[in-house]
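What follows is a single chain, given as structure tokens, in the form predicted alone.
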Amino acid sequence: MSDAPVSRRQRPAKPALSREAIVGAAVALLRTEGLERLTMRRLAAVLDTGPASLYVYVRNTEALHAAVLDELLGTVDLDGGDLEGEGSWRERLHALLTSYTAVLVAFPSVARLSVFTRPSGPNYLRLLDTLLGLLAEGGLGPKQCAWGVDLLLLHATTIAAEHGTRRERPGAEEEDSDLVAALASVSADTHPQLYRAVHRGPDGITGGTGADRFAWAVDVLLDGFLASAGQDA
């Protein structure tokens, strides 16, 4: 086997760099190595180029992470899943937020990132536009729509960050079991309110599924928005 160097002319040409190619490679790297390894230097190595070349298309690592988040948001079902655009505005909004949460839960590190990152790509803008349209369809005014979207996304994002992180965290199930056992052991004499909450069955503090609780919280927020509709400026 010859050790002679290969001429540049004999090497296959590298694909041309573009923002789309960089973000696509970043998403692939996220899936295989996680967000912690998604740096400009590591991505440059994957793309067989220098980090300086990436800065032409992506301002910095934070902008890269925001672009990756926006790319993932492109998989959110904006049509309401099985509803396929049918159903009431509230049902479609529930389905959209459930899809959004599921996308983030699949990538806990991205879910944590999205708590304080504001993407500005086309998928995020499309998500905002769809949510605003659903709230407007429900009869909310401009302020309730604008501020309501912020609250709904904040709730869904933090739920995704919590559940996704606990799912990948060693010992989380044991912690949950310990808490359930501790709650079950409280005395009506020393913790009367907690005792009643624990022993209310499906409606108690440990009752209901995560999906039930998520849907209830969204409905509470929506009911609050509707109740304040007359206060819109």
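Each residue number is its position in the shown sequence, starting from 1. Small disclaimer: the values here were computed from a predicted structure and weren't measured. For clarity, a rigid core is taken as the largest C-alpha set superposing within 1.5 Å between two forms.
The same protein also exists as the form predicted together with the DNA; that form is not shown, yet it is the one meant from here on.
The shortest heavy atom separation between Arg41 and the DNA in the predicted bound form is within 4.5 Å. In the predicted bound form, at least one heavy atom of Thr49 sits within 4.5 Å of a heavy atom of the DNA. Contact check for Leu17: a heavy atom falls within 4.5 Å of the DNA in the predicted bound form.
Taking non-hydrogen atoms only, Tyr195 never approaches the DNA to within 4.5 angstroms in the predicted bound form.
Of the candidate stretches 49 to 57, 203 to 211, 185 to 193, 66 to 74, only 49 to 57 has residues with heavy atoms within 4.5 Å of the DNA in the predicted bound form. Relative to the superposed core, Ala217 undergoes a C-alpha shift smaller than 2 Å between this form and the one not shown.
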